[in-house]
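Take a look at this single chain, the form predicted alone, given in structure tokens.
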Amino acid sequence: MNKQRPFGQEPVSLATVAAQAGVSVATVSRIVNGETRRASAETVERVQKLVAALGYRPNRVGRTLRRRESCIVAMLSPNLDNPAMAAIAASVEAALRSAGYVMILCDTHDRADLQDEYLHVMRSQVVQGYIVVNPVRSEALSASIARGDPIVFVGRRNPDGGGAFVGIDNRRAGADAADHLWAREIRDLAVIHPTQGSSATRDRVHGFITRLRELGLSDGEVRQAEAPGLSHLEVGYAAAQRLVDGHPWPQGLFCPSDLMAYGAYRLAFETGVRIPEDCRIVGVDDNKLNAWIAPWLTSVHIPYTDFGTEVVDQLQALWDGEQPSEQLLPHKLIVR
């Protein structure tokens, strides 16, 4: 008989089951956890029937605290309104779920204090691992690294250096954008970027400028403009304003994210500049919105849908005691 425990009644303990079965608490614990080889078939059957009749449920919280492990993995990611961040989160969540884990998602808004707050809270929840997307340097993150917590960095590398990483070769992505514009015989070139640029953004801009230098342009011939802010849409608009303030639009413009390209496009639309006829823009991400709202945008495609499997593989390697490593996924320029 499967007895339902009345609402508000104290949960049945292992000791209660053990007393009624006439065995030790340790024996009951082993049986409810599937370890039946050390007990007789008759004892196993008796305990299992009592467990069902009394409505015993294992205390998974207590087990987690004792073993310092759980099936929960925390992902810390900035600015989830960014389609790229949302795509990474969806890919990782699906991969973790397939592997039997539950993901807690926290939006750090690119702030060190929020990143630290979430790291402290997640540690108190005994999460089994951390995935930190586009990390920023912070006290709690450095402490987690020093403790040897299993952390996989995504998009941006560990700001303290080292660690497991999943991302792309951002410098190569910037160089590919330069090659694309150069191959179309565009020599009047410019780049815009955020003032508070991340390592990924800086690498993309550096790769773009370095490649143009190799192709024969001096640094002074590549116009640059930046703008403050965390919203790449707003940064793209404001940086483009600074770029063309008193100057003509360039024939080719590199934006280190698609959202920045959208912001630049808005300014071009408002000022009567035709895209791509008057200015060819190249972005990075190639998010799914491009097919719907940006058929004018050539972009470096980042395979975010493949990130999840790589992240879970990296976590598993850390759990198995292996040394952290880097996994660079291939990117591809999508020409429109």
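Residue positions are given as counts along the sequence shown, with the first one as 1. This structure is a prediction, so every number in the text was calculated from the model and none was measured.
Form predicted in complex with another copy of the chain: not shown, discussed below.
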- request: Report the residue, out of 104, 112, 217, 99, that has at least one non-hydrogen atom within 4.5 angstroms of another copy of the chain in the model of the complex.
  value: 104
query: So which of 76, 259, 178, 168 reaches within 4.5 angstroms of another copy of the chain in the model of the complex, heavy atom to heavy atom?
result: 259
message: The chain here is shown without another copy of the chain. Which stretch in 155-163, 187-195, 116-124, 221-229 comes within 4.5 angstroms of it in the model of the complex, by heavy atom distance?
response: 116-124
message: Would you classify residue 41 as touching another copy of the chain in the model of the complex, given a 4.5 Å non-hydrogen atom cut-off?
response: no
message: Since only the chain is shown here, I'm wondering whether residue 243 would be in contact with another copy of the chain in the model of the complex (any heavy atom pair within 4.5 Å).
response: no
query: in the model of the complex, does residue 272 have a heavy atom within 4.5 Å of another copy of the chain?
result: no
- prompt: Does residue 149 reach another copy of the chain in the model of the complex, with heavy atoms at most 4.5 Å apart?
  reply: no
field: Neighbours of another copy of the chain in the model of the complex among 203-235 [non-hydrogen atom within 4.5 angstroms]
entry: 233, 234
